[in-house]
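Shown below, as structure tokens, is a lone chain in the form predicted on its own; questions about how it binds or moves come after it.
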Amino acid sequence: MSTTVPSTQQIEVEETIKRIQTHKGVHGFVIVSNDGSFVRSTIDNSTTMSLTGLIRTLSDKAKSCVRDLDPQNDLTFFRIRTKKQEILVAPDKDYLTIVLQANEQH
């Protein structure tokens, strides 16, 4: 009987998912690999596709802006806050993680 051993990347993805799901107000998330394949999503397919395309474009532009300002620096995280929700984005060397969460008004 053969058993499959999870790769380091699979373990990292599972740990990230567990950490995301424990945060208060999280509505959903998308994890997509940098080659464009979807790893995991908890939101509907249509929203996943449009959100990922738009956020990937914005992330690429933000990365470029950070490098233009300081060539030895790199973008690690950004947040978009709207009246209704927050979009948290963590571009990584292997994955793009997008989290949708409630915008807590104080």
Partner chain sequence: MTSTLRSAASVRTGISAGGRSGGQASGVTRKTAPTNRSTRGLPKLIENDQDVTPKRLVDPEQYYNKVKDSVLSNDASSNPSETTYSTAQPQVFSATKSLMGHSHGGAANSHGTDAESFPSEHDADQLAQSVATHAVEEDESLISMDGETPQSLLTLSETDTIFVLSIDSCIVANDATDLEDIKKQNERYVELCKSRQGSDVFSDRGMNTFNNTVKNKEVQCERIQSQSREVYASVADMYDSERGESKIILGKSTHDKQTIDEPLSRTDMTRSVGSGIDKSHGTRLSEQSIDETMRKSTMAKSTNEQVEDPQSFDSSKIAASVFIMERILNSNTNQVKQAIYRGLTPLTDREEKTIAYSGLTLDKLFAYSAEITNNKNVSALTWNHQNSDLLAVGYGPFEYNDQRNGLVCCWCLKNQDFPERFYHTPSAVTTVAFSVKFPSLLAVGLFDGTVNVYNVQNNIDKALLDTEEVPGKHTAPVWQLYWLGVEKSRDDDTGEVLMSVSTDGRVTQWLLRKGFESNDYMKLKRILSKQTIQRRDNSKEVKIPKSENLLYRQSGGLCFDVCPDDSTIYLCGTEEGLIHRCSLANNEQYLDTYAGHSGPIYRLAWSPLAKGVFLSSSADWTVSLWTIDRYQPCITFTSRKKPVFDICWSPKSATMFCCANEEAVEVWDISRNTLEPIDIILTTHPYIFTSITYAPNSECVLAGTNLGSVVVYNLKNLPAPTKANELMEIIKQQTHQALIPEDPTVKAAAAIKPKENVPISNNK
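In this text, the rigid core denotes the largest set of C-alpha atoms whose superposition between the two forms falls within 1.5 Å. Only a predicted model underlies this, so the values are computations on that prediction, with no experimental measurement involved. Positions refer to the first chain, counted from 1.
Beyond what is shown, the protein has a form predicted together with its partner chain; the following relates to that form.
Report whether the minimum heavy atom distance between Thr47 and its partner chain in the predicted complex is within 4.5 Å.
Contact check for Thr47: no, nothing within 4.5 Å of its partner chain in the predicted complex.
Can Lys24 be called a contact residue for its partner chain in the predicted complex at 4.5 Å between heavy atoms?
Result yes; Lys24 sits at the interface with its partner chain in the predicted complex.
Taking the shortest heavy atom distance, is Ile43 within 4.5 Å of its partner chain in the predicted complex?
Contact with its partner chain, no.
Just checking whether Arg19 would be counted as a contact of its partner chain in the predicted complex - the rule being heavy atoms within 4.5 angstroms.
It does: once its partner chain is placed as it appears in the predicted complex, Arg19 has a heavy atom within 4.5 Å of it.
Using a 4.5 Å cut-off on heavy atoms, which residues of 36 to 54 contact its partner chain in the predicted complex?
Heavy-atom contacts within 4.5 Å come from Ser37, Val39, Arg40, Met49, Gly53.
Relative to the superposed rigid core, does the CA atom of Thr16 travel 2 Å or more between this form and the one not shown?
After core superposition, the C-alpha of Thr16 moves 2 Å or more between this form and the one not shown.
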